[in-house]
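Read the single chain below, which is given as structure tokens and is the form predicted alone.
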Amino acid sequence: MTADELRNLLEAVKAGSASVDDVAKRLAPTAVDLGFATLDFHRRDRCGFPEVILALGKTVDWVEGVVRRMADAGQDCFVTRVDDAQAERLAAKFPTGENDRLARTFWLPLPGARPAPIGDVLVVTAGTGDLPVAHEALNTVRVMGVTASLIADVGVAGIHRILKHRERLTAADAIIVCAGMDGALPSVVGGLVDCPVIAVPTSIGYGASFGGLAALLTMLNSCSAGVAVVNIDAGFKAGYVAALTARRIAKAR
């Protein structure tokens, strides 16, 4: 918190428009130690969105504990890579949350009305097998308050499928392209648009795809200048970067 923000907060208490509890929440420690996790409650102030929880490798009790503590602190809570046992526990303990088993995500928003979404992010997949990664990206964009839509199964094996969406592609603020196999689709899309294209190599493909490594190398070597690349199957990372981009553009407008 900057000096000006602190002064404004204290002036609000003095004027009666903010309570002591409000100030206590804002001035709470930046990190809270749960023993098995250390939560960063000021990440929203620094980065524009609260800490996101990676459920992979965590026990059911740990995931529930983190979600509960973040909810108690008045933070939105978004969890990625949620397995079946974790999803079952979260659905039972937080019935207002949104479980997406295709994307393997869980979303527990703050209660009350949310602002209308802004910006425009388009998620594109080369094949149907890329949809779990694409939906992780879609959900990430949406929970960050940005409009997101999907075009599925338009890979380069039938190039006419992506070309018929040319008008939609050129309207987006940022485009996420998820592709396995040869990973060629992001280069095609990058050559059609003037917005950032975030390429996500997926682990879909036969033996020589090496679990997405072949697609990753293709994307890193893209001739299209507007293509940037995230890690294999990193739908969350692509969604986060695309949402930040779209939010900046919306603010500039």
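Computed from a predicted model, the values in this text were never measured in an experiment. Quick note: we count residues from 1 along the sequence shown, nothing fancier. What we label the rigid core is the largest C-alpha set whose atoms superpose within 1.5 Å from one form to the other.
The form predicted in complex with a further copy of the same chain exists for this protein as well; it is not shown, and the discussion that follows is about that form.
Relative to a further copy of the same chain in the model of the complex, residues Leu213, Leu220 and Val241 are all within 4.5 Å by at least one heavy atom. Although the partner is absent here, Asp173 lies within 4.5 Å of a further copy of the same chain in the model of the complex, judged by heavy atoms. Taking the partner from elsewhere, His165 is found to have a heavy atom lying within 4.5 Å of a further copy of the same chain in the model of the complex. Although the partner is absent here, Ala87 sits far enough away that none of its heavy atoms falls within 4.5 Å of a further copy of the same chain in the model of the complex. a further copy of the same chain is not drawn, but in the model of the complex it has no heavy atom within 4.5 Å of Glu64. Taking a 4.5 Å heavy atom cutoff to a further copy of the same chain in the model of the complex, the contact residue among Ile118, Ile159, Ala91, Ala73 is Ile159. Shown without its partner, the chain has Ala152, Asp153, Val154 in segment 141 to 155 as residues with a non-hydrogen atom within 4.5 angstroms of a further copy of the same chain in the model of the complex.
Core-superposed comparison between this form and the one not shown: CA of Val13 displaced by 2 Å or more.
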